[in-house]
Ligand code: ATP
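Presented as structure tokens, the chain that follows is alone, the form predicted on its own.
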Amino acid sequence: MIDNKKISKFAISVVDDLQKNNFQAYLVGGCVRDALSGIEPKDFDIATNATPEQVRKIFKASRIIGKRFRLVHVFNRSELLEVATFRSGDNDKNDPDNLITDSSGKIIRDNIWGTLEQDCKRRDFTVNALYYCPISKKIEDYNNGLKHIHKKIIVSIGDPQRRFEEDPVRSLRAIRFSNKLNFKIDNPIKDAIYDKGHLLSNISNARMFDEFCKIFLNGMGEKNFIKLCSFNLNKYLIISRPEKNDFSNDVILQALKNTDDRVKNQQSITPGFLMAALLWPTLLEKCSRDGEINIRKFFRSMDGVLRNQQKLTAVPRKFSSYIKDIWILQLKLHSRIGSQPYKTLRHPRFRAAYDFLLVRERAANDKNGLGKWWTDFQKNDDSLRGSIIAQMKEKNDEESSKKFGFYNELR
């Protein structure tokens, strides 16, 4: 049923070594689900009844990590695998050192070891609770996961109302998996998303940043955003509140399309660029009046917009400066007099700022705007660039006489 040629040889060898040491070991989760769904499997996670200390003794190139969930990273020169011990998920055990939950039932620390049968009950959805042994080529399925993959539906293990209370991020995972696999979401899960989605406000901004990256940087960002909006969950990931059919919404969708295309074309992507694009409408709202940009407010508002986003998702410092550079360059791209275009062209963030300029113009359906000028400028050699600048000088002198008028193009 699963072709082992699509499975990492290193992952197979780790499973084999664990079994040779008289432990149970299986590939589990996304790699099994994807292989059965016709998707190239990645991220080969392993589940075993060996404790982290026992796994560590078997593999010299390994380290124990984690506090909430202790597991082992086993690695070679090119791969890193996560090896997790079966957990019981029995919340009634009186073991404060290993199982701690908060008042809502969310697990803070969980290191109570269990059996394969117990471990599968802890997982979120049936399609993620399939255990595959690449040695015997058998699949362990205790929750009808194979049936649900065949029916193409996302089904919760246990009552989704309770399970989403334990971990509200499961709402986001259900949406992401349904789009990735092209599966429907079971109705009880839909109800739980509506009923428990508000609990996402209690999740740490670091974890929400991680979910932000998984949702929007996986090649299906546009579809995920649309479905998030349908469940009213987008507000827990992005502070922008674009109205339907509004230009702001078009900018966000174009930015997501651009990122999706780059993922499909195996081009580089960064959360910084996407966050700059998604927060742009909010920045403009803070500093615009009567269709014009107030330059002072523009610069003063940047940090405030980022601080507000920080309340939802972490914004690592390296991305904060990256985002502000892209925003500031949207202003500098308007200056095309003398040597200024060459200075702008040499800016380390020029390419990202130029790409965002094109995104904004596609959203505005502007095919002959500033983006075309910069495209031509980059294509031409130095002598022709001088000619282009000369042609633009007279027009720019006239525009610059209007105090802030040319900044209307930013919208």
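All values derive from a computational prediction rather than experimental measurement. Don't overthink the numbering: it's just position in the shown sequence, from 1.
This protein has a second form, the form predicted together with ligand ATP, left out of what is shown; the following refers to that one.
Asker: So in the model of the complex, does any heavy atom of residue 45 sit within 4.5 Å of ligand ATP?
Answerer: Because a heavy atom of residue 45 falls inside 4.5 Å of ligand ATP in the model of the complex, the answer is yes.
Asker: Closest heavy atom of residue 128 to ligand ATP in the model of the complex, within 4.5 Å or not?
Answerer: Close contact exists here: in the model of the complex, residue 128 approaches ligand ATP to within 4.5 Å, heavy atoms only.
Asker: Within 4.5 Å, heavy atoms only: does residue 29 come near ligand ATP in the model of the complex?
Answerer: Because a heavy atom of residue 29 falls inside 4.5 Å of ligand ATP in the model of the complex, the answer is yes.
Asker: Against ligand ATP in the model of the complex, would residue 360 count as a contact residue? Criterion: heavy atoms within 4.5 Å.
Answerer: Residue-level check for residue 360: no, no contact with ligand ATP.
Asker: Just one of 279-287, 259-267, 185-193, 164-172 has heavy atoms within 4.5 Å of ligand ATP in the model of the complex; which?
Answerer: Result of the contact check: 164-172.
Asker: Tell me, which of 176, 87, 227, 336 has a heavy atom within 4.5 angstroms of ligand ATP in the model of the complex?
Answerer: Flagged contact: 176.
Asker: Using heavy atoms only and a 4.5 Å cut-off, determine which of 152, 235, 297, 214 is in contact with ligand ATP in the model of the complex.
Answerer: Filtering the options by heavy-atom distance leaves 214.
Asker: For the stretch 195-210, I need every residue with any heavy atom inside 4.5 Å of ligand ATP in the model of the complex, listed N to C.
Answerer: Heavy-atom contacts within 4.5 Å come from 207 alone.
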